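For reference, the chain that follows is the form predicted alone, supplied as structure tokens.
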Amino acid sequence: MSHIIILPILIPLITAAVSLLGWKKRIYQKNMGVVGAFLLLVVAVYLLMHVYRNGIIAVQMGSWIAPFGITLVCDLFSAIMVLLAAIIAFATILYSCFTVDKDRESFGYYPLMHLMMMGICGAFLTGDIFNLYVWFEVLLISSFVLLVLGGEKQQMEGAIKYVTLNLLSSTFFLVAVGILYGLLGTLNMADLAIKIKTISEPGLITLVSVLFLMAFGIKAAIFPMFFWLPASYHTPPVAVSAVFAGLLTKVGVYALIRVFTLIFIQDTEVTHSLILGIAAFTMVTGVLGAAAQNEFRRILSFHIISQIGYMIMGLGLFTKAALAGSVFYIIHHIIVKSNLFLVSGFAHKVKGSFHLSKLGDMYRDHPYVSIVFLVSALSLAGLPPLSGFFAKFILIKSALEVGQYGIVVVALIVGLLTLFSMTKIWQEVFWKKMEGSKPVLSSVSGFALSGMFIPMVWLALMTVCIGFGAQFVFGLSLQTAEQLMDPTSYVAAVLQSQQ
């Protein structure tokens, strides 16, 4: 059953290919997009259950013995990330069926979404650091096309900033990979974890680790390399923004956590202290940027940056409990942030704008959507008993245990400012009275609005379930952190064919 690990890559690829057979048939592509996303979700659930019960699985492509061939490996962290990707893919593709215009559908919107999902799942499952670069490029190309699909001026401006910074990231990545290969003669991550211990010049390894930090940091939108994100994430259709917000930066976070727990752990006083400092600045700059905005999606885009700070905070603390907090936070944030973007799209559909000054009366006209927003917004701010509270509580408790009081103060203040931003959206979009006493009549059909509402409710219910099931989610996160802190089983699963 170990070959199930290939399916999260094959299913999006086959879905995209089959969808292209009906290039002129929008309904066909739409149906294939939903079916493919559902199959990916089913496989992702099974993969996590299999890894949870049976341990880490690894497959060598073409029967090449590791570390010489292409390795796919799935531990709990990879399985969780693949499942989260599948959840967001299914929700956003279902949402897209009721929101994406005919022109974008006619030019391959659904195949592109699945090609991007292939790149995302490939990045989560690869066991080779060069193939991680390859998967990054796959998702970069597909996401760039999705970003510019439609050809609007605002999209093109955002896309130029997006692709320029990500190409810079790719350059740093390739340089770092080249140096690492020159030093160790291997790019298999499990093999690197063993051979890097034999290097007699730790300063050189620290330098290489900083190059990887820069490469993955740009993709994760950490301080000070984040400015491409709020300039681009608010420009494409909302469904695309939701996928970008939920998943693309998390691929960068995943890569950071993977390499700085598996490979670069020789000089943690330097590398992980640097990461902790960056986490603090990322939180502060993101939340201050959000507080200064008056456009729904731009506020949410800046909050992505601040929340990335919480995710890498656990990596910077580098304890088992802190890493568990990071994993918990990633689980919580991907669901919540994607849903908030979907809510912003709903408001735009019925009110015709993303600007807070032009919105209002959403609570009166659409009370159930208002409740969905409230659940997600309060969770993002970290109010109990929702998922965000437990994620932040674990991280703050872990910081207190190791005496990192500065990051605790920053995390608490940023949480309060996040609540301020969410309150501003609530006041302007949902509570504020617009001129006239009658509800605004939307040109969008009731059927389309109902179709948009279904994935939003699903994600909101998941947020509530994560909060009330926090003990189970924390237990799963703690097991994941144990595997990350002690990569012995990861290395053994990959290299067992040599033993």
Partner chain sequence: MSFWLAIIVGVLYSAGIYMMMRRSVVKLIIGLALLSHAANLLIFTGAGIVREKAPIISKFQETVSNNADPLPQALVLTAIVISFGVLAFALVLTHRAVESVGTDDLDQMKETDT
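Numbering follows the first chain given and starts at 1. As the structure is a computational prediction, the values presented were derived from the model and not from experiment.
Just so you know, the form predicted together with its partner chain exists too; it's not on screen, but the next bit is about it.
In short, of 199-207, 77-85, 233-241, 250-258 it is 233-241 that has heavy atoms within 4.5 Å of its partner chain in the predicted bound form.
When its partner chain is considered in the predicted bound form, Gly158 lines it closely, a heavy atom lying within 4.5 Å. Although the partner is absent here, Trp426 sits far enough away that none of its heavy atoms falls within 4.5 Å of its partner chain in the predicted bound form. Although the partner is absent from this view, Tyr181 contacts its partner chain in the predicted bound form, with a non-hydrogen atom inside 4.5 angstroms. Residue contact with its partner chain in the predicted bound form: Phe281 places no heavy atom within 4.5 Å of it. Leu187 is the sole member of Leu187, Leu417, Met225, Ala321 with a non-hydrogen atom within 4.5 Å of its partner chain in the predicted bound form. Checking Phe346, Phe302, Tyr329, Phe264 for any heavy atom within 4.5 Å of its partner chain in the predicted bound form turns up a single hit: Phe302.
When contacts are defined as a non-hydrogen atom within 4.5 Å, none of Ser273, Thr285 and Thr463 contacts its partner chain in the predicted bound form.
Taking its partner chain as it sits in the predicted bound form, the stretch 163-180 comes within 4.5 angstroms of it through a non-hydrogen atom at Val163, Thr164, Leu167, Leu168, Thr171, Leu174, Val175, Gly178, Ile179.
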